[in-house]
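Heads up, the chain below is alone and in the form predicted alone; it's given as structure tokens.
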Amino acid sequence: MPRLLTGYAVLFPLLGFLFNGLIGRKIRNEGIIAAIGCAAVGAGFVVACMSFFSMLGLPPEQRTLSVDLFPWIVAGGFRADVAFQLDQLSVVMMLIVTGVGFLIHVYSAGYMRGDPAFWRFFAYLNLFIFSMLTLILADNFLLMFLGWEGVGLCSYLLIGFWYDRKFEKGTTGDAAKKAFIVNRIGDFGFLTGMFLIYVTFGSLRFQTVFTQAATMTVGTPVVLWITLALFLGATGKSAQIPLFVWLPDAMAGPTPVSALIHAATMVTAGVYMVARCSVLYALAPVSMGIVASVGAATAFFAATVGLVQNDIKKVLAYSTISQLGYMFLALGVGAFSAGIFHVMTHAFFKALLFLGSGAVIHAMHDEQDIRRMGGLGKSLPVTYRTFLVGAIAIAGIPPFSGFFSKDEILWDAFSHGSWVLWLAGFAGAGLTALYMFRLVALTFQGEPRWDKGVHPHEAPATMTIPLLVLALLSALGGFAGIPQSLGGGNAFEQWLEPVFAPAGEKLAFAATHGNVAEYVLMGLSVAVALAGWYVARIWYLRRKEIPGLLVRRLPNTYRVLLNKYYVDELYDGAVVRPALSGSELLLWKGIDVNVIDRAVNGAAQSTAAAGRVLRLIQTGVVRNYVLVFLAGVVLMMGWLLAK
């Protein structure tokens, strides 16, 4: 049964895209367009649920299924099929993408109401879901790369959806191009990794590659280069250092797009790809160390930037970068199940937070500066309460979902990583609680700071119902992974165990130290989250002069954080401007003007000169033509007589 269902999960969003993309312009009823778009993803979610329950009825050894649809490329000894691989990992991702994606589609029906390109928006959303499903269900690297590029294309189309609007220093189109170009840098790494995989293993099919890799020795150089190249692709798609700069600018798109990119689709693609290649990464300890280090550094780095941002969506954007860092930290220390568990819980609370911010922006007539908000909890009670649930979840306060997944990552970082990695994650957890409750305080609590002409109001049911569902998932979703130390069996980890074998170092550490160390670290993580909440409450509700005092005492630090460590300026000065100047001097003035233009212009000038000479013959005077004719006859006769 799962084998028959899998293709339909991908087919339905594709049909929704084709319907709204081809004839949506002619349908004036927004309800029909939204219904088609939502139904396409909702049907995919139903298929995902049926696949999950059908898989539960199979023995663990029979839960990996292959669905071969048709040959795609056959050239010499190379073959790539359009084929899907259904296992515990792909089913979890399919449930996340279609489930959260469906709620975002429903929300979009209310948020985008009245937009002239309503039909185009839903067509792009459906294409986004189709591309992501292709990526996570592919059974080979080439088909995964097709979905990989598909989500990149859709992000470009949706970030620049309002292409005629201004965004900071440019237009939304500039933000879309930035995302597209930065991701192409990462894609170079993915392509390089694929080339090395084919040369090494003679195939791009997962089962073939991983089966052969399992016989190789740890530390094989070619596997090191393969995994590093693939990780470069992951840093681009999942916004890690150094390729994270596109994600904050992606806020230029409509808020439902931000939720879809950050929660259910694009940014989790890199995490999924590394997790899918866990067999390869297990053979490359150096790559694992790099993945963990980059993840820990990104988690802390982005959290510090989020402390001082004033755009409600920018705070959440840097929050996403930080949370993705936690996911890579987990993958880098071999806790693949914990990383995917955080992918799931993060999808719940980050979609909730972004959609909640959209409800705030909708109520405030497109205002996004939290310094001009305050006191919205009374006007937007549903949005406030659900947003607060999301903030508690991401802060890691029990028993909400973020506590279980983040605590599992911190424990894994300590138990079979290093105390340095744990410390970076621990500090990031405290900063996360601080900036999230700062956001709650400045947006929903305290005294109103908005203009007198603004009258905030609660969003319609199409927007609030998804908030309520996501709030419930954010509150309860973590119970799927209750650790053994708290009396649970970590059902989520057990479900993924056939895909990710449990780490031997982790089990050995737990057997040696028991649960005491885990309880201590758990208590510390809860304490630092509560400390972040308390500090935010004091600073932004009771002693409001403290933040200003800190800014005056630490102006340079504040300026660095406010300008995101000047990374964009660094790239602009070190890469963009030199490339532009080099292109101007070498490619334009050197080659284009002096070589190509001169060659083209020279050919035209030579033709014109030849034409001027030949034009002297065409005088239009008949006697001249007769004279030339006679001269030719005389010359011919003279030549014949000379012979």
Partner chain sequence: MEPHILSLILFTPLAGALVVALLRRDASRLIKTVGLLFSLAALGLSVWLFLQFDGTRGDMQCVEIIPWIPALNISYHIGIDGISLLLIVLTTFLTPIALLASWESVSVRLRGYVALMLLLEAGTLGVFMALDLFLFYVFWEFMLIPMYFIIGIWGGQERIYAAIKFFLYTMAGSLLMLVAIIWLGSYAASLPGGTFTTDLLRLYAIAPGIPMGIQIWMFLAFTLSFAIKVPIFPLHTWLPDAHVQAPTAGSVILAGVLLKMGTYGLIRFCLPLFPFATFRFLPYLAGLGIVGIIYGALVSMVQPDIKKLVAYSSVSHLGFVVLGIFALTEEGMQGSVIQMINHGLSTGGLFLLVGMIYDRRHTRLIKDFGGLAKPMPVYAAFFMIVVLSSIGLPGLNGFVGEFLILLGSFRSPFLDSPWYAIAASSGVILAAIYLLWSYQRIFFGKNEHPDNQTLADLNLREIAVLVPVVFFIVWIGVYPGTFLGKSAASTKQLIHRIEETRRGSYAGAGLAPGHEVRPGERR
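Residue numbers count along the first chain shown, from 1. What you see is a predicted model, and the numbers here were worked out from it, not measured in a lab. Rigid core: the largest C-alpha set superposing within 1.5 Å between the two forms.
As for the form predicted together with its partner chain, it is not shown, yet the points below apply to it.
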* Is there a heavy atom of Phe145 lying 4.5 Å or less from a heavy atom of its partner chain in the predicted bound form? -> yes
* To do: Evaluate Phe70 for contact with its partner chain in the predicted bound form, applying a 4.5 angstroms cut-off between non-hydrogen atoms, and reply yes or no.
  => yes
* Looking at the partner-bound form in the predicted bound form, is Asp115 within 4.5 Å of its partner chain by any heavy atom? -> no
* Asked: Heavy atoms within 4.5 Å of its partner chain in the predicted bound form: does Ser606 have any?
  -> no
* Asked: Quick one: which of 148 to 156, 388 to 396, 370 to 378, 357 to 365 gets within 4.5 Å of its partner chain in the predicted bound form, going by heavy atoms?
  -> 148 to 156
* Of Leu570, Val74, Ala461, Val218, which one comes within 4.5 Å of its partner chain in the predicted bound form, counting heavy atoms only? -> Val74
* To do: Only one of Thr557, Thr192, Asn310, Asn563 comes within 4.5 Å of its partner chain in the predicted bound form by heavy atoms, so just point that one out.
  => Thr192
* To do: Decide yes or no: are Arg25, Ile181 and Phe188 jointly within 4.5 Å of its partner chain in the predicted bound form, with each residue judged by its heavy atoms?
  => yes
* At a 4.5 angstroms cut-off on non-hydrogen atoms, which residues of 243 to 273 are near its partner chain in the predicted bound form? List them in order. => none
* Asked: Comparing between the shown form and the other one on the rigid core, is the C-alpha shift at Ala604 2 Å or larger?
  -> yes
* When the two forms are laid on each other by their rigid core, does Gln62 show a Cα shift of 2 Å or more between the shown form and the other one? -> no
* Large Cα move at Val593 between the shown form and the other one, threshold 2 Å, rigid core -> yes
